[in-house]
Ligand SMILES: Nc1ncnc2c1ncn2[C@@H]1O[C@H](COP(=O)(O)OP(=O)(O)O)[C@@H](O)[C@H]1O
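Before any questions on binding or motion, here is one chain by itself as structure tokens, the form predicted alone.
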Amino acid sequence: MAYLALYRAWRPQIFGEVVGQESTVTALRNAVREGKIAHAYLFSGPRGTGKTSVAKIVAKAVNCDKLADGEPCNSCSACVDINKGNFMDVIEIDAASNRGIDEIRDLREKVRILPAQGKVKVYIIDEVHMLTTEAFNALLKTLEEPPGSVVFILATTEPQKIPKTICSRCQIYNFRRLTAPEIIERLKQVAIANDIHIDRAALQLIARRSNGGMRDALSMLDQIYSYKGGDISKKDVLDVLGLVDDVFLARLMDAVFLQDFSSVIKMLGTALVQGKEAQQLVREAALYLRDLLLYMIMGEQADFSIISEESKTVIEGHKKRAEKNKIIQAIKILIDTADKLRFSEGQKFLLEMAFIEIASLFGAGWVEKESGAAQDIEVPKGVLEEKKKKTPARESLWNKILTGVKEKKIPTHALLSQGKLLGAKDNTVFIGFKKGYKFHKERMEEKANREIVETVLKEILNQEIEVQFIFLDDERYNNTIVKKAVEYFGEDVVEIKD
């Protein structure tokens, strides 16, 4: 007999075997028991959460000859044939490949034919959101007034694409993502039944990687089982799925926080050589930062996705070194990079740039210090000493401002790029232009250009920011400019290099 994949072998056969969808299966089982089956259902939710499996259980229940408390018996001829896929009155349609109006017109004609083998004809239309507008319109009348012997079950992963007119004619059930404990418990049952010895840490990794989908979790277990056999460790899961462990992530993020760019590049290169997936590496790093953020907010009550006892000692150091707003920005950078990696061939380049960017983010202050030939501003010694005592938290904004402005309007970016970020006081950011760039300064002071910069600053800092543009000396920052800077910034003087 051909080998049956674990996700197929362990597909639930009755409502009671469905994992994690208690409210949905309870409502459906009660409807079957009381004979209150609706003519149309819409099952929505992420992939691998049980939509099609529950649809088949409903199909068995409405055709079962030995129904017991709303559960199909799985032993009568109707149940057996449905399980084997040989039942004439359960019709599964893949809307992704049968999405046109002709297919739906054909369905409308066949709906009128009475059931040939069972009591009720059940149409299960998977990925129904893929139907064309014309096909939905053709289906609409049939859903509104179907024959009494027909039940439609529509399944979708993207309910927002279903027309409201279709939704209003269906009973809607939302299938949620499964929790890690729910997935782990089912994987344990599967492992015991198949004489598989698997570490708790390995189960946790599979559950995390499955992203709430039981089918994905079982498929991964099947893949690892085929590779390793009956004894599965955490390392086996890491190797087969291309993941990195939390200890590696802790060391990688340690290098990021310390701005040890050389170590960051070397560690990323090592991970790729070992067969780790670039996209998954970025996602795992984002989850690590998510854990760190929750730990900073909730302490020991935080529910970790990545961090284990092995890496928990390292996170204490990261907690002292990182700021919440920077962690949030870094997570956004990593999530954006993960999306880009899906469609890019230059994966190593994107990976390196993302980690260099977040390393720069964590090491930056409010003012970007640029190297150049001009002399540094000389600030009175007493002011500098006072500055060391009272310097507020600062963040380098210039590159992010320029990037944000460029995304909104390229001509504004061209004007702004000739300026220099000087610093900030209260809710005002100061940008300086040399006198030779009078045109640029005047254009930037126009309402439209100023508002673009202020909008970008608000997006970055999550607060209202005012921008002021000032002139700098052509050759050097003389004493007059120093005094003006002190006047602007008070005791929080910024060191500037041309």
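Because the structure is a prediction, the values reported are computed rather than measured. For every residue, the number given is its place in the sequence shown, counted from 1.
If you look for the form predicted in complex with this ligand, you will not find it shown, but the lines that follow are about it.
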Contact of Thr49 with this ligand in the predicted bound form (heavy atom, 4.5 Å): yes
In the predicted bound form, Arg169 touching this ligand (heavy atom, 4.5 Å): no
Contact label in the predicted bound form: Arg186 to this ligand, heavy atom within 4.5 Å: yes
Exercise: Leu218 in contact with this ligand in the predicted bound form, heavy atom 4.5 Å: yes
Segment that reaches this ligand in the predicted bound form - one of 321-329, 134-142, 209-217, 286-294, heavy atoms within 4.5 Å: 209-217
Partner-contacting position among Leu178, Cys79, Leu351, Leu203 - heavy atom within 4.5 Å of this ligand in the predicted bound form: Leu178
Those residues of 220-243 which, in the predicted bound form, come within 4.5 Å of this ligand by heavy atom: none
